[in-house]
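Presented as C-alpha cells, the chain that follows is alone, the form predicted on its own.
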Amino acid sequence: MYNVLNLAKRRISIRNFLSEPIDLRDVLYALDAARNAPSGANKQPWRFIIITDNELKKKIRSYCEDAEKEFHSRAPEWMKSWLLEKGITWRKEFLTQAPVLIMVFGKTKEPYWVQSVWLAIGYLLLALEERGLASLTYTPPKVSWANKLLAVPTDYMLQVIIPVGRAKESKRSKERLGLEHIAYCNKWGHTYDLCLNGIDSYKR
C-alpha cells in the first residue's frame, strides 16, 4: 500500500504509451477520488468525459496538432530552444497511443472554478498512479473546439486532456527542490526548522 508521499514521488509525466487496453474500473476509481476534492462553495465545477473511441481520439489529436503548429510557430525563441531541448514538438502521438483519454472540463460561472478543477486533477493523478497507470496533463493551446465536438455546454471549458495507459517508456525521476528551499517558518526565508524547534522567528 502506497502512502500519498510515495505516490507523489513515483508519479511522473509520460508521453509514450502502450496501446494495450486498461481496466476502465481503474479509471473510474481515480475519478471517484477526484470528485472528493475540495471546491469553492462546494460547487464541484468539474466534469469528466472518458474517451475510448479511436476515431474520436484521432479527431481530438487533429484539433490539438493544428493548434500546436500555430503555437510552435509563434513561440518566443527561448521557448523554441527549450522545446527542442526537451524533444517536444507539435506532434501529439500520445493522444492516439493511449487507450483512454480523460477530458476535464470546468464550469466557468462557479466561484474559484479553475482552482477547484485543478485540485480534482491532482487527486485524479495520484489515484491513477496508485492503480499503476501512467498519465500526462496535456493543456492544448486552444480548447473551444472541444465543446462542439463533444456536445459540451458552453458554460464549461476544457482545462486538460489526460492520456491514461501503460507507460511504453521507462520512468525517470525528475529533480525536485528540497523542502528546505520551499518551506519557511512565519516569514519568508526563515527555515522551517525554526518552527520545529519552537523558535519565535516572526520577530527575528
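None of these values were measured; they are calculated from a predicted model. Numbering starts at 1 and follows the sequence shown. For clarity, a rigid core is taken as the largest C-alpha set superposing within 1.5 Å between two forms.
Unshown form predicted together with a further copy of the same chain; subsequent notes refer to it.
Answer yes if any heavy atom of K69 is within 4.5 Å of a heavy atom of a further copy of the same chain in the predicted complex; otherwise answer no. K69: no, not in contact with a further copy of the same chain in the predicted complex.
I'd like to check something about A127: if you look in the predicted complex, is any of its heavy atoms closer than or equal to 4.5 Å to a heavy atom of a further copy of the same chain? Judged by the heavy-atom cut-off of 4.5 Å, A127 is in contact with a further copy of the same chain in the predicted complex.
Although a further copy of the same chain is absent from this view, report whether L133 comes within 4.5 Å of it in the predicted complex, heavy atoms only. The answer is no: L133 has no heavy atom within 4.5 Å of a further copy of the same chain.
In the predicted complex, Q115 touching a further copy of the same chain (heavy atom, 4.5 Å): Yes, contact at 4.5 Å.
If we check a further copy of the same chain in the predicted complex, which of the residues in 25 to 52 reach within 4.5 angstroms of it by a non-hydrogen atom? Going through 25 to 52 in order - heavy atoms within 4.5 Å of a further copy of the same chain in the predicted complex - the hits are R25, L28, Y29, L31, D32, A33, R35, N36, A37, P38, A41, N42, K43, Q44, W46, R47, F48, I49, I50, I51, T52.
Quick check: P76 between this form and the one not shown - does its CA shift reach 2 Å or more after fitting the rigid core? Yes, the C-alpha moves 2 Å or more.
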